[in-house]
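Take a look at this single chain in structure tokens; it is the form predicted on its own.
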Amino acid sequence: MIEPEQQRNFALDVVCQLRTAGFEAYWAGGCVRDELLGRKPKDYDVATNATPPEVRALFGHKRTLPLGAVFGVITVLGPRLAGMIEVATFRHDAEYSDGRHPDRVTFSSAREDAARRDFTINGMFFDPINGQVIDFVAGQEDLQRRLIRAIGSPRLRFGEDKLRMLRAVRFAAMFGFTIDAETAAAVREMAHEITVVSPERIAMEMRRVLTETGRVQGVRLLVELGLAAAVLPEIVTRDDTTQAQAEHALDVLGRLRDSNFSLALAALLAEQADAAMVRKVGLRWKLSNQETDEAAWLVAHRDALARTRFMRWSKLQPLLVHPWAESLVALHEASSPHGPDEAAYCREWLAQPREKLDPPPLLTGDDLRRHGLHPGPNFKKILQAVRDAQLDGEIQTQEESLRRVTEMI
């Protein structure tokens, strides 16, 4: 578990050691942006004019990992609660033939390093020793204007790394910012090219878009800028009916409490897709089986909690003992006019001791065999019928269960 204050102190120590050794060194990128916004950075990156071999020599080979050395990045390991810091040499990038990574890098100055980054709000440096912002790209001005703007030519930035188009949407949604007109125009023009990015990377960005507080704005931007047509065509509307469904889905998405990715995905797709379509999305993005299964199950059961107070307990109880019951309750709460009341009723049951919510069955298959039944297709039906009767309070003992079996056969 990383302790934020210790991580911050370690990031400061890395800069101090580099500076003491005679190098230029600053905090860089997202941590600078978050500091200026008054947010706690999730991690810290350091940029320096020290080369990768010089960084390793300074911090020692046992405390460094050269995983990104080909791009000028060395990972420096800190104390247990401080995590690790990526130390990157100021660089200039060559062409991006694969639309994701530079073919080669050339070590350069801080100004050139800032110029090759994605957006102005991510292109600033910060001197934590003197408390000074080093801003070559007018990032501070764009923070004040609440604007997401590509550094230099948007088409060039997106041509280098297509994933930046999704990142523009994520940052705008996360901070409630507007995307600069020229940057937005470039996304619209190039949106279809996002498919050259690996499904895993697309899914990583979509996880964050759908689970940040600005997720509704994020989805609207995906549609408006043409990215949804490439990565999630299921939410692109075709007529007035699908437009109304899409708006309802966004309302549901916005009303969700703290949401995991599968729940948010289910909320977004439930109006216009079935479980099979959700599984297609899971395959397209190469999601984990658990993420896909949960989202598909939620969509398949999206209406299952309607009128819960009038349901037989044998119908409601299996839903509430399911591993994804909490997510189903949250989805119903956000999507139905009576959802909050019915969700409260379900949560009352979920708060009950497990032995009351899910008592052991009165009969097992072994009991049926001892009762003289031979295993066959009816075994499961008989056990389910007895279980339903038990849950509905019609029988309370094993003896009553066996009598019920005799009556059934």
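So that there is no doubt, residue numbering starts at 1 and follows the sequence shown. Everything numeric here is computed off the predicted structure, so don't read it as measured data.
Just so it is clear, the following notes concern the form predicted in complex with a small molecule, a form of the same protein that is not shown.
In summary, the region of this chain contacting the small molecule in the model of the complex, judged by heavy atoms within 4.5 Å and restricted to 176 to 184, 157 to 165, 332 to 340, 139 to 147, corresponds to 157 to 165. Residue contact with the small molecule in the model of the complex: Gly30 places a heavy atom within 4.5 Å of it. The closest heavy atom approach of Asp118 to the small molecule in the model of the complex falls within 4.5 Å. Although the partner is absent here, Arg170 is a contact residue: one of its heavy atoms lies within 4.5 angstroms of the small molecule in the model of the complex. The closest heavy atom approach of Asp45 to the small molecule in the model of the complex falls within 4.5 Å. With the partner removed from view, the residue among Arg201, Lys315, His192, His248 that has a non-hydrogen atom within 4.5 Å of the small molecule in the model of the complex turns out to be Arg201.
Shown without its partner, this chain lists Thr292, Gln217, Asn122, Ser327 as candidates; in the model of the complex, only Asn122 has a non-hydrogen atom within 4.5 angstroms of the small molecule.
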